[in-house]
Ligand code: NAD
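First, one chain by itself in C-alpha cells, the form predicted alone.
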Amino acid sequence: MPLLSRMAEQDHEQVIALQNRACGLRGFLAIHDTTLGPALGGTRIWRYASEAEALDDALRLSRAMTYKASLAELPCGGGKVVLIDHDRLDRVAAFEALGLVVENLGGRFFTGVDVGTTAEDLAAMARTTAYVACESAPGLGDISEHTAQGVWQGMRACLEALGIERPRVAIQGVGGVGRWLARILHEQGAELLVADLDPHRAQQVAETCGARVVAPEEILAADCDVFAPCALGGVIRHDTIPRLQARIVCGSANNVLATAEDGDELARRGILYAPDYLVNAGGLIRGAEFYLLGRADSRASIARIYDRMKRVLALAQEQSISTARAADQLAEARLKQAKTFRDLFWGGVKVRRPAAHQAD
C-alpha cells in the first residue's frame, strides 16, 4: 500500500523516511498528531525483518503516543522514530544524523530513549539537536520507575474491580520497567513469576523480589491473576489469547494487542485488559511535565492513572464494550474537542519550543 494511503488510515500528519548511505542510517520518523502540542515519542532501534515492518511499527507506536498523551491530559501529541539496526550501521554517526533531522523540525517533535537506545545514543543526538531528552538530567528521575509506578496504579484499579487482594502476577520481561514493577509489586505483597530472554537478569530479579523464574515460552500461559507484558508488543493475539490463564492483562509494553479485535476477544472471555497506553503513561507524564512544563514532581499526576483506569472500566461496563475501545473513546473525545477549539480560535497548530530549551 502506498505511504500516503497508510498515513491516511489513522490520520498521520507526517512521516519522514530516513536514509544516509555514509553512516547506514535507515528508518522512519512518524508524527501522528500535534493538535494538543508538539509530538513526543522515543527513538527505537531494532533488527527489523523489513522496511515494511519498521514503518508499521513507527505508525502504530506514534499513534499510541498521541492517545497516551490525550488520555493523560498532557499538552503534547504523539510521534516515534524507528531505526533499522544492521551490521553496517555507524551508530554514533547515525544518531548524530538523526539529530539534524529532528532539529530541522523546529520543535514539532521531541524524542528520548526507547527500546534499543542507550544514553550514548541520546548523547550523540544531543550534539546536533536540542530536542532530545537527557535521561541523566538532574530532577528528571528514572523514567523506567515512573512508568512502572503508572502500571501499578492501573493494575491496582483492575485488582480492586475484581476483588483480588494478594495477586499472583506473571511479568514477561524484567528489563528497566519490568524490574521496577517487580520491586513495587513485591513491596505490595504480590506473588511473582518472572521471565526474561536474559536468564541472568530474570534470576537477579527473582532473588531480589522473591519471585519464581518461568521459561519465556511458558510465562504467557502461567497460572496467575495478572499477566504483565513488559517487553515488546503484539503478544496478545488470536493464537495466544486461548492460552491465557490470567484474569487481568496489565503491563508496560506498547501495542500489547495485535489488533483492536483482540481487545474485544479478551472482553468476551471475561479477561480484564488495562489499555497499554493508559497504564504505561507514567514515563511520558514525567517527561512532558519536566521538559515542557518545568514541574519538579509528577507523582500526583502519575497516581491519577488509577482514576483514569476506573473511568475506563466504568465506561466499558456502561456501554458493554471492551476497555480498549472505551479508552480510545476517551482519548479521541479530548482530541476532537481540542481540534474544534483550534479550528475556531487558532486556525492551526501552535507548536511550542520545549521549556528546557527556550532561548533567553
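Owing to the predicted nature of the structure, the values given are computational and were not obtained by experimental measurement. All residue numbers refer to positions in the sequence shown, first residue = 1. Rigid core here is just the name for the largest C-alpha set that superposes within 1.5 Å across the two forms.
What comes next is about the form predicted in complex with the named molecule, which does not appear here.
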{"item": "Heavy atom of residue 149 within 4.5 Å of the named molecule in the predicted bound form", "value": "no"}
{"item": "4.5 angstroms heavy atom contact with the named molecule in the predicted bound form for residue 176", "value": "yes"}
{"item": "Proximity of residue 93 to the named molecule in the predicted bound form, heavy atoms at 4.5 Å", "value": "no"}
{"item": "The named molecule contact in the predicted bound form: residue 141, any heavy atom under 4.5 Å", "value": "no"}
{"item": "Contact stretch among 237-245, 190-198, 158-166, 100-108 - heavy atom within 4.5 Å of the named molecule in the predicted bound form", "value": "190-198"}
{"item": "The single option of 153, 129, 117, 254 touching the named molecule in the predicted bound form, heavy atom within 4.5 Å", "value": "254"}
{"item": "The single option of 278, 226, 125, 230 touching the named molecule in the predicted bound form, heavy atom within 4.5 Å", "value": "230"}
{"item": "Residue 308 C-alpha shift between this form and the one not shown of 2 Å or more, rigid core reference", "value": "no"}
{"item": "Shift of residue 69 between this form and the one not shown at or above 2 Å (CA, core fit)", "value": "no"}
